[in-house]
Structures are given as structure tokens and as C-alpha cells.
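A single chain, nothing else alongside it, follows as C-alpha cells in the form predicted alone.
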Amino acid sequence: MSQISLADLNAASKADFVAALANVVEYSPWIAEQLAAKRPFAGINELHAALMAAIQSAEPDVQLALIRAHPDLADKTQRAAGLTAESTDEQNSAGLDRLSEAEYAAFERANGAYRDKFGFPYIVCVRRHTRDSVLRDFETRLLNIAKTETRRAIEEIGRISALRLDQLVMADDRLKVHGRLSTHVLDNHIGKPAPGVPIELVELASLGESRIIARAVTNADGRTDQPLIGGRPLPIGRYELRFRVAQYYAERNVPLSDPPFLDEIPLRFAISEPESHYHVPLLVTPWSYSTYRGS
């Protein structure tokens, strides 16, 4: 996706402005047409606020048509027919293109139950979720009334559009749409950072297979060169960090039992705030370890 500066958007013709922002909200260029008349925008936050105001001030039948323009999640028929590039990328980011048969069946049941009750598709900003958390959210929202779900759908469209704007528009200000997951290994055996510790980050799943989503090795400061997850929301879900500490100590000629008392240390934790910073450090010796949520 090519980016465009906010200054260029403000100066563009109406046709070019609408063309640039036409897919920020799924199949709804009328929103971009309304925004074109409200220029210039001082920042991307102001632009997104105007977008949400246009949706929230629309007539109920227009809002319903907007909601119905969105695809179902993990629907094989709709994927075969072709989703927008934005929807495809978003669903793939949550692994909805590589589900197990059990997961596909669970999504099909949830989609059907939701449509039967509300008459429109379930909408969620999937970049903020794992497969497990989407299915849990389905179950929770099925208990709501239609008025509540209409409001929730519009809130989720707001989150989706904010992430699409963030990818598309360059501006001096930023939308608060990204989180960050980091770690730090401290060798309490010597009281110093631990370099060279291999790390894996695993997204845990209830129905399908858990998957490794990041690999890294700690640097001289005991940290990773890049966040384990960064530049995007942190998907809500359960995770496991795996630290290969026996390899680290063996390479430094620290005497270990055979087999080592601590070989690979798994730390399980959960993420519930996608736009926050989660720091999950490891304090370790050959015989003990601890962790906490840092900042």
C-alpha cells in the first residue's frame, strides 16, 4: 500500500481525495466524499474524528448498509469470491487463512448464529485479536441486543479505519493504534544482562495448533534488537515466551547438572490491551527464575 501525505490529501482534487480514501471504510466511498468537503485537516487524528462523526451522524439505514458491506470472518466462500486487499491482509494477520478444520467449523457456526440473531455480519478489528480471542468475543457479543451490537460494530469499524489510515496517511501526529511487546534477560548469577539467549514467542491456541510468531537472540544489553511485536496492535490472546537458558550457560562454561535443572524456560502470559506496552523480563540463574510485567 503506497502512502500519501496529509498535506497532499488536503490539496488533492475531490476525485483524487475520494480515490485515495475510498477503501478506508469497506465499500463505502460516500464517507470519503463527505470528508473531502471538510478539508483541510490539521492532523490524522482530526481526519479520523471527522470520519467517525460522518458514520455516527448517518441515518440508521445508512449505518446498517455500512455494516452489511463488511465480510464474514474466515468464510471460505467469500474468500474464494475475493475480499478487498485490506480485508484479506487483516484476516491473514490473525491467521484466518490457515485455520484447522475444527477452527473453520467453529467460525462457520459463530458467523451463522450471529447473522441469524442480528441480520448483519459480525465485525471486529482482527488485527487486535488472535483466533482464540475472536471466538471468545463472538460468544460474548452473541448475548447482546441488536442496538448494542450496532454500536459495537461501528466502534470496530472505527478501529479498522484507524489502522487503515495509519498505514495510508503520513502526518505529523499519530493515531494511538500500536502496542509493543518486549523482553529483557538478566543473569542474576553474575548480576549482568544476559547476551546470546535464544528466544521464541508462541501464540497459544485452544482449537488449532499453537504457532511460533517471533524468534530472537538477546543482544549485549540482554534485550532484543527489535520488539517481539511492534508497529501494530498486540493481538489479544495467550502467549508463551521460551528462553533457552541451558544453552546460554553452557556456552559460558557455567557448571550445570546433567541434564540441566533449567533447560528451556517457558513463561506463559496473556495480552488484553492491544495498544499498550507489555514488557516481560526474565531474571535467571542456573537454578531459579522469576518474571513480572515491566514497563
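Residue numbers run from 1 along the displayed sequence. Here the structure is a predicted model, which is why all the values come from computation and not from measurement.
Not on display, but discussed next: the form predicted in complex with a further copy of the same chain.
Taking the partner from elsewhere, Pro227 is found to have every heavy atom lying beyond 4.5 Å of a further copy of the same chain in the predicted bound form. Contact check for Arg174: no non-hydrogen atom falls within 4.5 Å of a further copy of the same chain in the predicted bound form.
Contact annotation: Pro259 falls within 4.5 Å of a further copy of the same chain in the predicted bound form, judged by heavy atom distances. Within 4.5 Å of some heavy atom of a further copy of the same chain in the predicted bound form lies at least one heavy atom of Arg136.
Asp221 is the sole member of Asp89, Glu209, Glu155, Asp221 with a non-hydrogen atom lying within 4.5 angstroms of a further copy of the same chain in the predicted bound form. None of Ala105, Ile190, Leu142, Val217 but one reaches within 4.5 angstroms of a further copy of the same chain in the predicted bound form through a heavy atom, and that residue is Ile190. Not one of Ser28, Ser57 and Ala69 is positioned with any heavy atom within 4.5 Å of a further copy of the same chain in the predicted bound form.
Only one of 181-189, 114-122, 195-203, 209-217 places residue heavy atoms within 4.5 angstroms of a further copy of the same chain in the predicted bound form, namely 181-189. Taking a further copy of the same chain as it sits in the predicted bound form, the stretch 257-294 comes within 4.5 angstroms of it through a non-hydrogen atom at Ser257, Asp258, Pro259, Pro260, Phe261, Leu262, Glu264, Pro266, Leu267, Arg268, Phe269, Ala270, Ile271, Ser272, Tyr278, Val280, Leu283, Thr285, Trp287, Ser288, Tyr289, Ser290, Thr291, Tyr292, Arg293, Gly294.
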